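Single chain ahead, by itself, as structure tokens, in the form predicted on its own.
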Amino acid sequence: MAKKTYLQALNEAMRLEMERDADVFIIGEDVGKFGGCFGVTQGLFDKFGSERVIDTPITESAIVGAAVGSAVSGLRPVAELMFVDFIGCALDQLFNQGAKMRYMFGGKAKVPMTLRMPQGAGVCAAAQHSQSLEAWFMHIPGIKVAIPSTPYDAKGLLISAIREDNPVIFLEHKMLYGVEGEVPDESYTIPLGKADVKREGADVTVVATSRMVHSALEAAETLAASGISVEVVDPRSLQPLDSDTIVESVKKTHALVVAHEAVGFAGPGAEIIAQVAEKALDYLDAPVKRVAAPFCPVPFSPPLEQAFIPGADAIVAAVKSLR
């Protein structure tokens, strides 16, 4: 398989789905000639034209509203917001309209829309452009949430998201766009709601999401030198959540660390820990540890931002505290 970046994998997924299905189109701010804020839609305007790669005004409520309306009318929009932080301008369109329509119309309406949003810190974009907000979306019935960590997962999950008949929030960490990995040229899908064991281990389970998967794998290498075998589980999607894979791993290792970049309080890790407590509490030989960002806005200052972002060292310390 050829090596491709996370960004290239996403671009390829959209191109393949647009070639396969004429109902798929892209809508968002600067997604056309400019190729998107981070270049993810680059080249698609030239290939498919302005009727299928649609630039919009700087109005998130209009972008999401148009995606909901076109989806319920039978199209398959892939909408892009420049930053996940801007979803606050379109919460009604997403939470009260897109998420509720299929239920409120008794299943007669479908809302096959994908909403792509970059998130996460690391580029010194300050408090209004650097948040990790996945926990918001997990809490709303009717919405699915994908959060891939690798180029392979990004392509397969995005294709699945575009084919899904319910709204899918697709969260892309800005610091992953340049990460390379093996990705097939052909189309393939990864089911939403199926976790992946990124590394087998015996002594402790680390459940990590998005960029933190890479930190967890780095930590696992460091801990292996100390004789500690770490199993790294990547949920890949948070709604639906594959708690079965996580629970089976905990039953094997008897210890759990959850790592994510979102703030720890009421973050996605809280739900993961709750499900493990409900299904496998008796298998735990030590208290569960959370590795997450502190409960504060993301700083603009580069040194402060780096201190804010949890990393491999914090995972190593959490694992060692369980021994």
Partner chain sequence: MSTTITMPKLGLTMKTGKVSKWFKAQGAEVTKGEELLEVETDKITNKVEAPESGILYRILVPAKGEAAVGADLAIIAAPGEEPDVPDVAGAAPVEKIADKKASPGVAAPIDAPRAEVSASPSARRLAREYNIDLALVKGSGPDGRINEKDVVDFHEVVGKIKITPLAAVLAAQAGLDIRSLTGTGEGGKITRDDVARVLYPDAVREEEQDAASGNVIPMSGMRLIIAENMSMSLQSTAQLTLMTEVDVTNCLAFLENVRAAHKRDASFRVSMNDVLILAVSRALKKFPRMNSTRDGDVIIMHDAANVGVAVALPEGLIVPVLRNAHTKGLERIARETREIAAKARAGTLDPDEVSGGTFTITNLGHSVVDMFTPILKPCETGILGVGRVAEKPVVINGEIKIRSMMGLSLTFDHRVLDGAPAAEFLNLVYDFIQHPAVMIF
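All values derive from a computational prediction rather than experimental measurement. Residue numbers count along the first chain shown, from 1.
Although it is not shown, the form predicted together with the partner chain is what the next lines describe.
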- [ ] Although the partner chain is absent from this view, report whether residue 285 comes within 4.5 Å of it in the predicted complex, heavy atoms only.
- [x] yes
- [ ] Indicate whether residue 323 is a 4.5 Å heavy atom neighbour of the partner chain in the predicted complex.
- [x] yes
TODO: Look up in the predicted complex whether residue 281 has a non-hydrogen atom within 4.5 angstroms of the partner chain, and give yes or no.
DONE: yes
Task: 4.5 angstroms heavy atom contact with the partner chain in the predicted complex for residue 290 - done: no
Task: Residues from 227 to 256 in contact with the partner chain (non-hydrogen atom within 4.5 Å) in the predicted complex - done: 254
